[in-house]
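In structure tokens, one chain follows: the form predicted alone.
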Amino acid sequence: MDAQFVYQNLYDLFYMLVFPGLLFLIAFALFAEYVDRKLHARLQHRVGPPWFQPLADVIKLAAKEEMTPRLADRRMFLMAPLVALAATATAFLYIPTWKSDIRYHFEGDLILVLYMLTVPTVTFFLGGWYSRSVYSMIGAARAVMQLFAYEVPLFLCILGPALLANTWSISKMAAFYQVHPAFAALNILGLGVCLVALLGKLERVPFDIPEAETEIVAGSFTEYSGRLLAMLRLTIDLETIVGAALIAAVFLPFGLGLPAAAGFAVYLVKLLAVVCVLTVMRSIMARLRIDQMINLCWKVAAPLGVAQVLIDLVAKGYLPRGYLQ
């Protein structure tokens, strides 16, 4: 067997499974959850958990018994957490880290990443709906209603920077705004809307309507336990990092030209900065009703997303011919 072929396959496995793949993503997601919970606690004048608490929670859930409701569709109930986790981890492979030239990228990977980030919410809906619990079905219905609300402004605010950069590749977008940082400033409006939409995607306060503890126990996850619940919770942690990485690549593309160590440090700081902003936002707000959430997204966030697209189109129209080549 050709040594080069073996090396390439081993490198691909390392890239996907270890760094910057699944193991790195899980480790950093658990650390980001600790930062989120600690900051949230300090903002409420509480001590907060120790650094190992997120990992301990996953281990504790994984050690518990899995129970499947008698009336549930067993296949759908068991597959939903696996598909959600796999889709989220796959999306991370196409987002640039501390350099724009990543191993897995192609023209149009932005569409793939947005699609992959939609899959977990759909699986949450299917898992909750087919568990046949009243609380789960209510939470599943709310989750899919929320999906149709925040996806539109999120897609619009990602579309604008892509149009200005004249590419559907996240790596090429990051490289464009790295070279032309003045144009990145035009997307500040989209950055704000994306942060709000990401709160909705992660089902965090004020958009934790599908999981409202005081109303429907745990929403779509009510009937889940053991390893399945651990995978669902871990998926949400991974979604946080993948969403933060997407926002950092599109709206905060600085630090890509630095040496590896410095660029990696800047990359981690950007991700933690996005996580901290999300934490502050959920700490200062109260839960909205589902109708209030939909009105906010369609009557405020969506028009702002359209405005972002128009800003980028106007800016693109004033660029000289060949500037985007």
Partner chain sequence: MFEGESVQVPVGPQHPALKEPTSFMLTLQGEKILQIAVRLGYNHRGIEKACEERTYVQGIYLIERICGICSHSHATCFVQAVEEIVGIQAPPRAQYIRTIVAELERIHSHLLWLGVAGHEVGFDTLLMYSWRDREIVMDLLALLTGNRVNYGINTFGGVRRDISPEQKADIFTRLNALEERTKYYVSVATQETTLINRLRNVGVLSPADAVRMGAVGPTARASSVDRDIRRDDPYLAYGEIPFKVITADCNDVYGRTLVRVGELMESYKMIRHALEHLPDGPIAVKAPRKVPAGEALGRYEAPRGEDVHYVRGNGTEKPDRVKVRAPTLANVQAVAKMLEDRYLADLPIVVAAIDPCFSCTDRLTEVRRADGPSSVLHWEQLRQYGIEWHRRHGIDFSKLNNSFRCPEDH
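Positions refer to the first chain, counted from 1. Because the structure is predicted, anything quoted here is derived from the model rather than measured.
Form predicted together with the partner chain: not shown, discussed below.
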{"property": "Partner contact for residue 185 in the predicted bound form: the partner chain, 4.5 angstroms, heavy atom", "result": "no"}
{"property": "Non-hydrogen atom contact residue 27 with the partner chain in the predicted bound form at 4.5 angstroms", "result": "no"}
{"property": "Any non-hydrogen atom of residue 87 within 4.5 angstroms of the partner chain in the predicted bound form", "result": "no"}
{"property": "Residue 142, heavy atom within 4.5 angstroms of the partner chain in the predicted bound form", "result": "yes"}
{"property": "4.5 Å heavy atom contact with the partner chain in the predicted bound form for all of 129, 215 and 283", "result": "yes"}
{"property": "Partner-facing stretch of 186-194, 238-246, 89-97, 206-214, counted where any non-hydrogen atom is within 4.5 angstroms of the partner chain in the predicted bound form", "result": "206-214"}
{"property": "The partner chain: the contacting residue among 265, 300, 258, 43 in the predicted bound form [heavy atom, 4.5 Å]", "result": "43"}
{"property": "Position in contact with the partner chain when the complex is considered in the predicted bound form, options 102, 149, 162, 138, heavy atoms within 4.5 Å", "result": "138"}
{"property": "Neighbours of the partner chain in the predicted bound form among 283-297 [non-hydrogen atom within 4.5 angstroms]", "result": "283, 284, 285, 286, 287, 288, 289, 290, 291, 292"}
